[in-house]
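Here you get one chain, nothing else, as structure tokens; it is the form predicted alone.
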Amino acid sequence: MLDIKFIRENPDVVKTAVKNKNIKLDVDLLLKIDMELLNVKNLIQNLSEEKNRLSLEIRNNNEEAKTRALEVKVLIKENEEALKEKEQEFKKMMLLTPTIPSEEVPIGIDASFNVVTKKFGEIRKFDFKPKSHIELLDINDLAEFNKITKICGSRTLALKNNLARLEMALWQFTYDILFEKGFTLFNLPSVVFEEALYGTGHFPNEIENTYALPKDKQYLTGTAEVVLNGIHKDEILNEDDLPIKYAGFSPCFRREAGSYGKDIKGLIRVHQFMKVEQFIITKNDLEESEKMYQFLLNNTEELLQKLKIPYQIIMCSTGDMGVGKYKMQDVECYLPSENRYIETHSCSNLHEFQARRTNIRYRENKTNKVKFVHTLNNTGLATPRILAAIIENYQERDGKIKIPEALRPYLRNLEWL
């Protein structure tokens, strides 16, 4: 969400961002409503002042003043009701105003305009045709799909045997890395009120992908970012306490409305998954914000390099990065059976976007001014998706699967799944 003052002073910049991010927002209409709001507020103020003046005249038994006072009272009520309607319309449109993207971001309406910025790791040369992770799961009895589907519906699964242990090892492995880097660790709930999802910017655009609990007026989150962003709602933080680094683990839920294709089978696109999310609150400073962004991205690279999984980093285009993102890069792991990369991590800098929605600020030491913070996030690790890349990259000709060396200490030095 942008500052309305910025929109008034830079309408063309905002219009360009709206166009490049493929957002349905009429900036001229927004400014028109903004002006109408100012006019109505001024009118109510003038009427209130007139009402106060008339009250003095009424004390002197001025009949005309009494008549006019009644008229003014009605006018104030009518305009206050009109003001409420205009404010609701204004708020809905303001929630759609995008963060102005970085100049680094490629311009394009969708993911086809994304640009690969880095590749890392040697792609293994198999002397046999690599099997898909779905085949390998079946051969090694590591997951249950069919029976679980009967109970829980499509795109659900149950990990079994040593794969269940490996999943837990991955979470602990990720937590250890982030703890050493100064993150405060949280095991978080997944149930939140609607306000929290508006706070991160997932609402209104992601409503159709979010599971609702209407009886309780709550929702299931698709990332711990939602809870972590809400922890400091309406607070003014001390500059000396920044940056704040949180890592939150939680079950995550997505309806995956509109998704299709082969990814709906297996471990890649499921309705429920587990995720450790990195989340940072930092100063409203471009240099410091970029420093934290690179820190988050480097954490992901370190994790994947320890797991020895080939990966690539892409810079997401304006149309693929979301309303609130200043910059966003996805990290994708190599999937041998399909000779392609799949997204496993997503790193974003949102500048003031979430802070304005959640009203998170800090007081500068030098100026004593209160400013909105910057917020950033990146996947720490999400399962079961990452398991698909591990299973396929570590498979052998006979279908057996090695365990990455970095994870063996968490599994009593077990070498094979």
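If you're wondering where the values come from, they're calculated on a predicted model, not measured in any experiment. Note that residue numbering begins at 1 and tracks the sequence as displayed. Only the largest set of C-alpha atoms that superpose within 1.5 Å between the two forms is called the rigid core.
Here the subject shifts to the form predicted in complex with the RNA, a form of this protein not shown in this document.
Contact check for R8, A69 and R363: all three have a heavy atom within 4.5 Å of the RNA in the predicted complex. Judged by heavy atoms within 4.5 Å of the RNA in the predicted complex, the contact stretch among the candidates 182-190, 108-116, 302-310, 77-85 is 77-85.
When contacts are judged by a 4.5 Å heavy atom cut-off, V40 does not count as touching the RNA in the predicted complex. L29 falls outside the set of residues with a heavy atom inside 4.5 Å of the RNA in the predicted complex.
Mapping the unseen interface onto this chain, V370 counts among the residues with a heavy atom inside 4.5 Å of the RNA in the predicted complex. In the predicted complex, the RNA lies within 4.5 Å of some heavy atom of K73. Contacts of stretch 321-350 with the RNA in the predicted complex, defined by any heavy atom lying within 4.5 Å, are made by none of its residues. Relative to the superposed core, K73 undergoes a C-alpha shift of no less than 2 Å between the shown form and the other one. With the core held fixed, N359 shows a CA shift below 2 Å between the shown form and the other one.
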